[in-house]
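Presented as structure tokens, the chain that follows is alone, the form predicted on its own.
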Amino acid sequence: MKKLVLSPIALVLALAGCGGPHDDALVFAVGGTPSELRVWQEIVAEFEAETGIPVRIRRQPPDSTQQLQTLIVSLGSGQRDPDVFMMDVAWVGLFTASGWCHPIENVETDAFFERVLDLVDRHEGVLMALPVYMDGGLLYYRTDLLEKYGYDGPPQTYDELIEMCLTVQEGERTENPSFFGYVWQGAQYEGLVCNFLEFAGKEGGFLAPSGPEPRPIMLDRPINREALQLMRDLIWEYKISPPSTYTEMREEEARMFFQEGDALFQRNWPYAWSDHQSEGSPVRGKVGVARLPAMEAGQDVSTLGGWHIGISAFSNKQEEAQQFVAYVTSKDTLKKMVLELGWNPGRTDLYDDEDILERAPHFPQLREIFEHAKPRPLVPYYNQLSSIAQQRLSACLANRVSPEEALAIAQEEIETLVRTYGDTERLPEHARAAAE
């Protein structure tokens, strides 16, 4: 086992939030942009005015990796603060398996995405978290260019996408030599794993074993080899994705590339919609969204993303924490987040809200995507699992190894990882190492 090493910034933030005297305020750990934190402060003020319960925001680092590190320091050592915290969907399995979350009580769950609750938020049938912000991969496309070249709508399969890209790319390059058919996240980071899972479709990706005995997660499978081959071919054979895909293409690089008018299709998260429709955007009014294509029609899938709220098992303010979680996940509060931040709420009853649809007419499509989204493996060692996948997938996209070689090596490393983490009694210690 390796020792957890925190960055200097994360260490300072972690120490700043612990070790001091406990006051009477409920402590809520949350990160985000300045505008997001401003809205959180408004929500806290409204909650305090309504309930009389004081709340102190423990501001987390903007970087999600550092957020994970600081939460692991606090929760892994059983500190009473924070009482409530926000966690990435990929952390829920780690936190619940480590015994760090207290069950959420007295919240009516009928209005939430039931499939997400079952796949992510319930641990052994007990509700341990609730979705606040939903996310999932989707396909952005140029409506004007599809019409110009005689296409009725976006592709349902990758064969259709490739054919459209080759046709439009050839035509557009007569005036724009920098034009490409499809931009997506292929750099070596978590976004690469999310994209890979979507290329692999419903039946592909990580195959988690069933049963109580520790067995390796299967990644080296025929359907995954086919998906990885397709990803590489988009860059090297069809040349409809930029050469920079595997070196630097992340969310913002893909968004800006598409927004400048240099691509027909883009894979990204829902946040990009508002940027594309903003004042001065070259593609404003020319963008549509759809479900991602698949290798076979009907086998498409979107990687589930987003942020969930949980209560610390070590909090000495359980009653107040329960009230705060209920308030944050209420219809009125989440509607405020939609209207002020453009967030996609964890409640299904907001996706047909008239006020919201005036600003975001694509919300019904998002609801359909979220209802079929697929989470990443909810295992305590997911961060290390992802690191293995990132490294091997990237090597293949760079044309250094074949898909068969990349996934075979990854499988060997995954099996070693699972043997290391097979002892569930050591989960808290493992959780610390998983943050590296």
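These numbers were taken from a predicted model, which means no experiment stands behind them. So that the term is clear: the rigid core is the largest set of C-alpha atoms that superpose within 1.5 Å between two forms. Each residue number is its position in the shown sequence, starting from 1.
Keep in mind that the form predicted together with a small molecule is not shown, yet the notes after this line are about it.
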**Request:** Spot the stretch among 223-231, 337-345, 83-91, 70-78 with residues whose non-hydrogen atoms come within 4.5 Å of the small molecule in the predicted complex.
**Result:** 83-91
**Prompt:** Does any heavy atom of residue 363 come within 4.5 Å of a heavy atom of the small molecule in the predicted complex?
**Reply:** no
**Request:** Spell out, yes or no, whether the shortest heavy atom distance between residue 191 and the small molecule in the predicted complex is within 4.5 Å.
**Result:** yes
**Message:** I'd like to check something about residue 399: if you look in the predicted complex, is any of its heavy atoms closer than or equal to 4.5 Å to a heavy atom of the small molecule?
**Reply:** no
**Message:** Although the partner isn't part of this model, could you tell me whether residue 206 comes within 4.5 Å of the small molecule in the predicted complex, counting any heavy atom of the residue?
**Reply:** no
**Prompt:** Looking in the predicted complex, is the small molecule within 4.5 angstroms of a heavy atom from every one of 163, 179 and 238?
**Reply:** no
**Item:** Among the candidates 131, 201, 305, 242, the residue which, in the predicted complex, approaches the small molecule to within 4.5 Å (heavy atoms)
**Value:** 305
**Asked** Out of 275, 251, 353, 172, which one falls within 4.5 Å of the small molecule in the predicted complex, going by heavy atoms?
**Response** 251
**Request:** Using a rigid core alignment, state whether the CA of residue 88 is displaced by 2 Å or more between the shown form and the other one.
**Result:** yes
**Message:** After a rigid core superposition, would you say the CA of residue 141 moves by 2 angstroms or more between the shown form and the other one, or not?
**Reply:** no
**Core-aligned C-alpha movement of residue 68 between the shown form and the other one, 2 Å or more** = yes
